[in-house]
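The chain below stands alone, shown as structure tokens; this is the form predicted alone.
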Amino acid sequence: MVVDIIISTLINGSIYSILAIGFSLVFGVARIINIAHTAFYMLAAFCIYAGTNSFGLHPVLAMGAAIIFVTILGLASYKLIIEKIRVHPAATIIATIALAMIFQEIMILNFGAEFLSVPVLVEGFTVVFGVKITYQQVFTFIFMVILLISVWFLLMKTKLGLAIRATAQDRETANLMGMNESMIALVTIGISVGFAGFAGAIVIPLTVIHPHMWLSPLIIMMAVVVLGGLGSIKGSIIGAFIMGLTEAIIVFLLPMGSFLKGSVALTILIIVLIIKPEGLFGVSIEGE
């Protein structure tokens, strides 16, 4: 039981980290609350399913194509819709909800509402303390850790990362220093959607695919970013693993736990908003 909880925490925590970081980046730089963020995660999963089953692509090629497709779609959605209304937060939230619903309905029309799946990338398993651990689970966790390290390197060790952090901290000053805030926001949107695509691509062999699969991660992700502090990268990572641990404990220790994790996440979100509305680490992207 303990090993199951640890494995679930590591895998789900790393996935929620990637989703929450992308969401926090967009909020930090462009002040956009993108409800459609996890819908791109869902789209990436369906693209991989279509690529492997309809077009006969190797799963790795299908994953690469899916990530590129959802990134381009995310950039197009931003330029055609979100950018025009981003100064109106309520309108942006409504528009991104509408986008997510549109994507969901398109998937239902094309693939139906049944559960689908794809083969694992890495076959086989090992047994640790009597618990079966698949190599796909190990691969997923290692890949997510590499992606998290890549995010840290991008933000802390590159000129683009410096521009993103500077814009997140003070957009007016960044503009005065010659940084193109609009272009940085566009690039950040691309990175954010790309992260969601990566998460969808790497987690798809471990789960089932269906048009509503974006809703549960959305609830958990929102709880994570509120817990860690909306706009905080460090908070997103810490909050993600706290939420992953909480979810694992609920699922493995409580009767009907898998049906309760969403409500528990929302309860945590409400409590944090009441006690510490700014979250654990505030609302800016840190430089440390």
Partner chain sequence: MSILVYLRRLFVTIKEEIIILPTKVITILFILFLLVLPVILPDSYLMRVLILAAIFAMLTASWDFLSGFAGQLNFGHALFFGVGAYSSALFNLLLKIPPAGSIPLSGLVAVLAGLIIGFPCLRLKGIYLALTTIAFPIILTGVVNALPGITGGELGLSGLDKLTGSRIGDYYIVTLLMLGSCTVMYKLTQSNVGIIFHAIREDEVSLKVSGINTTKYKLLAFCLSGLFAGIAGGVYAHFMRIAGPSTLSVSTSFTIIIYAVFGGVCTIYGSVAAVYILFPLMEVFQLLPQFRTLFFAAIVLIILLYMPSGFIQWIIDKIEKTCSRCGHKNHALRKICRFCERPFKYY
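Because the structure is predicted, anything quoted here is derived from the model rather than measured. Numbering follows the first chain given and starts at 1.
The following text describes the form predicted together with its partner chain, which does not appear among the structures shown.
J.: Does any heavy atom of Tyr49 come within 4.5 Å of a heavy atom of its partner chain in the predicted complex?
T.: Heavy-atom contact with its partner chain at 4.5 Å: absent for Tyr49.
J.: Could you confirm whether Ile68 comes within 4.5 Å of its partner chain in the predicted complex, counting heavy atoms only?
T.: So Ile68 does not count as contacting its partner chain.
J.: Is there a heavy atom of Phe259 lying 4.5 Å or less from a heavy atom of its partner chain in the predicted complex?
T.: Yes, Phe259 sits close enough to its partner chain in the predicted complex that at least one of its heavy atoms falls within 4.5 Å.
J.: May I ask you to check whether Leu154 falls inside a 4.5 Å heavy atom distance of its partner chain in the predicted complex?
T.: It does not: once its partner chain is placed as it appears in the predicted complex, Leu154 has no heavy atom within 4.5 Å of it.
J.: Here the chain is shown alone; which of Ala95, Met144, Ile191, Met213 has a heavy atom within 4.5 Å of its partner chain in the predicted complex?
T.: Contact residue from the list: Ala95.
J.: Quick check on this chain: which one of Val251, Ile219, Leu57, Leu245 has a heavy atom within 4.5 Å of its partner chain in the predicted complex?
T.: Contact with its partner chain in the predicted complex is made by Ile219 alone.
J.: Counting heavy atoms only and using a 4.5 Å cut-off, do Ile7, Leu75 and Glu123 all touch its partner chain in the predicted complex?
T.: No, the candidate spot makes no contact with its partner chain.
J.: Spot the stretch among 198-206, 87-95, 130-138, 113-121 with residues whose non-hydrogen atoms come within 4.5 Å of its partner chain in the predicted complex.
T.: One stretch meets the cut-off, namely 87-95.
J.: Pick out the residues of 68-83 whose heavy atoms come within 4.5 Å of its partner chain in the predicted complex.
T.: Residues within 4.5 Å: Leu80, Ile81.
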